[in-house]
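The chain below stands alone, shown as structure tokens; this is the form predicted alone.
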């Protein structure tokens, strides 16, 4: 059984769209969220810690809103910024920018205690360096990253497979009553995520795109 480590049942329901029936369940486990400039190291360390807790295959995700004109801020600090400043303040800051392009990015980290064969998907074998979240090239079907084989004296030897999803958009004034987090200020293809119904949002979401990659790989695991 694969355990999706999250406090949000909606994430598990989204995962169930891509995985076989009965193959995934939610694990409510508060792993340590390390501070890092990218999503990969956060998801990787969380997956290692959750694997040790569950003693079985786990899937962890980390996601964020990356605003081009703010050099990717709030990025991996999105949850903290939402809680402390609020999405309205993020919109106010972005509204002063000439470039309001943004992207939602998600990195899934999978750990089952075993190693992984080389592939285009990044593998984090140490805590310090992981591949960056997929960028615009991923839209055309490309893969970002590579493999980081450097393991320092304080590095954790458990390898973690990373799967990345990316959806482009722009920052707009809050619209819509659905979704959560930054959804009301993130517009994709003419609609904010908060204006989309669940099926439409899941079909284009950054998490859904990462889950699709994971499910294709996991089927042969």
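Numbering follows the first chain given and starts at 1. These numbers come from a predicted model, not from an experiment.
Heads up, the form predicted together with a small molecule isn't pictured, but that's what we're talking about next.
Contact annotation: of the candidates 165, 64, 159, 41, the single residue with a non-hydrogen atom within 4.5 angstroms of the small molecule in the predicted complex is 64. Of the candidate stretches 56-64, 22-30, 169-177, 43-51, only 56-64 has residues whose heavy atoms lie within 4.5 Å of the small molecule in the predicted complex. In the predicted complex, no heavy atom of residue 110 sits within 4.5 Å of the small molecule. Using a 4.5 angstroms limit between non-hydrogen atoms, residue 209 is distant from the small molecule in the predicted complex. In the predicted complex, no heavy atom of residue 213 sits within 4.5 Å of the small molecule. Within this chain, residue 95 is remote from the site of the small molecule in the predicted complex, having no heavy atom within 4.5 Å. Using a 4.5 Å cut-off to the small molecule in the predicted complex, not one of 10, 17 and 200 places a heavy atom inside that distance.
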